[in-house]
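As structure tokens, one chain now follows by itself in the form predicted on its own.
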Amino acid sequence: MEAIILAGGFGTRLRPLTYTRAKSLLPILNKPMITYLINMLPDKVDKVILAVNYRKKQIEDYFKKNDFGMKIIVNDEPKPLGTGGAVKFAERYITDSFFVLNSDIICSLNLDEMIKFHMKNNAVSTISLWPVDNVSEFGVADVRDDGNIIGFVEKPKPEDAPSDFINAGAYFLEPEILDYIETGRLVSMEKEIFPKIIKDTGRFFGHKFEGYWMDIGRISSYKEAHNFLLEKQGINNYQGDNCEIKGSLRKSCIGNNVHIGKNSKLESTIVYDNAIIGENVVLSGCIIGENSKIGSFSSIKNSVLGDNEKLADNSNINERIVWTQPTPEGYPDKQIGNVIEQ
């Protein structure tokens, strides 16, 4: 069985972290985001197709160095193709029913249970569904008690919402779905293809699950994912190898080869590999990029430093993104073809 993982986005809402790395390789507790998804795949999935565009070589290099016990194909899209276009571009690798998964979702979804639900209902398409409090921010599923979805309502008023369930970014599909997708252009599975399947087949289902669901699409949700997983694992901090920590940590994640000077205090902060933090530094709610350096007696709050950035002694920064280097060539200034459009 195959799984297509959509990993082609630029991750513009996570810049400057994504100026230097693929969004799917952003570390969460020092492990690339995409590995959480791969590790939750059912045993019957023996082939993973990674739909990529931005920083393809970086992704290829990672999977050459790391074995996950299955065949992994990096499928280089010539241009951003959206969810539907990316699936169609991987058509030659599909042999039977298959998963389509968004690479920046961390959740408790049981994919084996999703397959069973799909088979029980003789579905053509099954999508994961997650309940939300504020339905007016999303496309909401009009779902019957048996899980049959008869449509979606875009950003309804609470009193007009057919349910509180939204598309949670995991799909289990039959190969006939591929016939609905036009080749070679950007296609939204959610806006263009799903409505046709609902109309033509009536066999479009939603699988509800419980536990947790996080869309790591913004700096705020990226930090929240760290906090959630630290709490879930019952640990106060997460620390990589070969670190020299002379200060104190609270609810923070530290990468490999990190130096933190005397009397420095870090709270709810993520530090990437090879960073150097001087003495008497206060970091709160920050993300510090790889190979970055922060001078002594600095105070940084709710800010993000990109890779290779340097701050002088006595720096005082609050709620800023620090990036002093050129923006990578071809990097867009806004999102291109959302991977999930709820």
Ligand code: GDD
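The term rigid core refers to the maximal set of C-alpha atoms that superpose within 1.5 Å between the two forms. From a predicted model like this one, the values you see are computed outputs, not experimental measurements. From 1 onward, residues are counted along the sequence shown.
Separately, the form predicted together with the named molecule exists; it is not shown, and the next lines address it.
(Q) Even though the partner isn't displayed, in the predicted bound form is Lys199 close enough to the named molecule, meaning a heavy atom within 4.5 Å? (A) Output for Lys199 is no: heavy atoms all beyond 4.5 Å of the named molecule.
Q. Does the 4.5 Å heavy atom contact test between Tyr238 and the named molecule in the predicted bound form come out positive?
A. Looking in the predicted bound form, residue contacts with the named molecule do not include Tyr238, since no heavy atom lies within 4.5 Å.
Q. Quick one: does Ala3 come within 4.5 Å of the named molecule in the predicted bound form, counting heavy atoms only?
A. Ala3: no contact with the named molecule in the predicted bound form.
Q. Would Ser125 count as touching the named molecule in the predicted bound form under a 4.5 Å heavy atom rule?
A. It does not: once the named molecule is placed as it appears in the predicted bound form, Ser125 has no heavy atom within 4.5 Å of it.
Q) Pick from Phe138, Phe204, Phe172, Tyr272: which residue has any heavy atom within 4.5 angstroms of the named molecule in the predicted bound form? A) Result of the distance check: Phe138.
Q. So which of Tyr180, Phe209, Trp213, Phe117 reaches within 4.5 angstroms of the named molecule in the predicted bound form, heavy atom to heavy atom?
A. Contact residue from the list: Trp213.
Q: Quick one: find which of 107-115, 228-236, 161-169, 250-258 has residues within 4.5 Å of the named molecule in the predicted bound form by heavy atom distance.
A: Checking each option against the 4.5 Å cut-off leaves 161-169.
Q. Though the partner is not shown here, which residues of 58-72 have a heavy atom within 4.5 Å of the named molecule in the predicted bound form?
A. Residues within 4.5 Å: none.
Q. Does the distance between the two CA positions of Gln233 reach 2 Å or more between this form and the one not shown, the core being superposed?
A. No: Gln233 shifts by under 2 Å between this form and the one not shown.
**Q.** Ser108: Cα shift of 2 Å or greater between this form and the one not shown (core-aligned)
**A.** Comparing the forms between this form and the one not shown, which are aligned on their rigid core, Ser108 does not shift its C-alpha by 2 Å or more.
Q: Examine Tyr222 after superposing the rigid core and state whether its CA is displaced by 2 Å or more between this form and the one not shown.
A: For Tyr222, whose C-alpha is compared between this form and the one not shown after core superposition, the shift is less than 2 Å.
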